[in-house]
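Read the single chain below, which is given as C-alpha cells and is the form predicted on its own.
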C-alpha cells in the first residue's frame, strides 16, 4: 500500500447554533459541537473506517470532506486539494451520504446515472458502458427503467451506491451504505466495496455503526464518539489490549440486582447489559450481560452462583472473541447498539 496521503484532516471542528426551548415564548441559544478537533490521515489505497453510533459526527465529517459543509475551524485536504477547491475535490470523489437522497425521484434509475455521469464529464461512450456495467453489477436490471419514486428503500440505496461509482473517482466516501439493505444485499455490497479497493485501488472512507463491517473491510479504524476520535489503529491492534482478559456473554433473564451483585464478584472487571443483533443486518435484537473477567475458567462458577442467587435465569453462556464493539464498550462504558437505538427512538419521537 502506498504511503501518500489521499485525505488529511487536522483539528477539524463543526459547531451548530440552535435554540433551546424554555417555555412558550422563551428560548436560549444553544451550541452543539458536532466535531471536536478531529485529526487523522488516510493513505492511498486504504479502507479507513469511521466506527461509531448514529449521532457521533460521522455524517458531519463526510459532508465537510465532500465540501457540502464548511468547518468551524481546522483544515482538511482531499486528494491534495484544500476545502475551498470544491470543484477539484468533487471530481476526485464518489460519495454516498446516509439516506436515500442524491437521486431525482421523477427520473428513472438509468436517467439518474446518465445525468450524474454527464455532470462529471464522463465521455458518452464510456458513460454508456459504465452504466451498463454498474446496473449488472448491482443487479438493477429490473428497476433501472422505473422512476426512483417507485423504488423500495433498499433499491434506492443500491442506486445511490451506483451513482457514487459512475465517475470512477479515485476516492469513495460511503456513509452507512448498507443502511436499509437486507442481509443478502448488505453482504453483496460489502463484497463490491472490497473489490473496488483491491481490484481498482480505490481509497475508501467507510462510515458504519456495525462493528462486523468495520472488521471485515477496514485496514484501520477510527472510533468516533460525541464528535471526537477516541481510538485509531488497525482492528487487530485495537482489540489486542483487551485480549489479556476474558469476555463472557450471558443471555437470559437478569434482574438489576443480579447485575449489581456481579460487578463486585472477585475476578470480574466490568459488567454491562448490552444488546446485539440476532443476524447481521437485522433490526431484531437480544439483550445479554457482557462480563469482562480475569480468567473465565476460574471465575465462571462464582459468576453463575452470584447470578442465580440473585434471581437470574441463565439460558446461554459464550466466551466471546474480542470485537471492536468490546473496544468501544471498554472506552465509553456504552454499546454502539445502545447509542444507535437511542438516536433512532429520539428521531421517531420527534416526528410524531
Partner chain sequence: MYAPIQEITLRSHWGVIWGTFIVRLKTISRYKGMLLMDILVPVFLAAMPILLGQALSGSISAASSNFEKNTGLVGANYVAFIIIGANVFATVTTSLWLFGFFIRREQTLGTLEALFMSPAHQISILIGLTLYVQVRSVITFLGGYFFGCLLFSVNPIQGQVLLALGILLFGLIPIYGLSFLLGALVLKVKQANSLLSTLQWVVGSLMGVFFPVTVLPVTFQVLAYLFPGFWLNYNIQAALMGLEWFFINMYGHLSILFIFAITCPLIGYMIFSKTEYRSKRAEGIGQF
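Numbering follows the first chain given and starts at 1. As the structure is a computational prediction, the values presented were derived from the model and not from experiment.
This next part talks about the form predicted together with the partner chain, which is not shown.
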Quiz item: Thinking of 80, 90 and 122 as one candidate spot, does the partner chain come within 4.5 Å of a heavy atom in every one of them in the model of the complex?
Solution: yes
Quiz item: Closest heavy atom of residue 72 to the partner chain in the model of the complex, within 4.5 Å or not?
Solution: yes
Quiz item: Should residue 116 be counted as a contact of the partner chain in the model of the complex, where contact means heavy atoms within 4.5 Å?
Solution: yes
Self-check item: Non-hydrogen atom contact residue 105 with the partner chain in the model of the complex at 4.5 angstroms
Solution: yes
Quiz item: Quick one: does residue 249 come within 4.5 Å of the partner chain in the model of the complex, counting heavy atoms only?
Solution: no
Practice problem: Report the residue, out of 204, 97, 186, 229, that has at least one non-hydrogen atom within 4.5 angstroms of the partner chain in the model of the complex. | Solution: 97
Practice problem: Let me know the one among 190, 220, 156, 163 whose heavy atoms come within 4.5 Å of the partner chain in the model of the complex, would you? | Solution: 163
Self-check item: Segment assignment from 291-299, 323-331, 64-72, 308-316: heavy atom within 4.5 Å of the partner chain in the model of the complex
Solution: 64-72
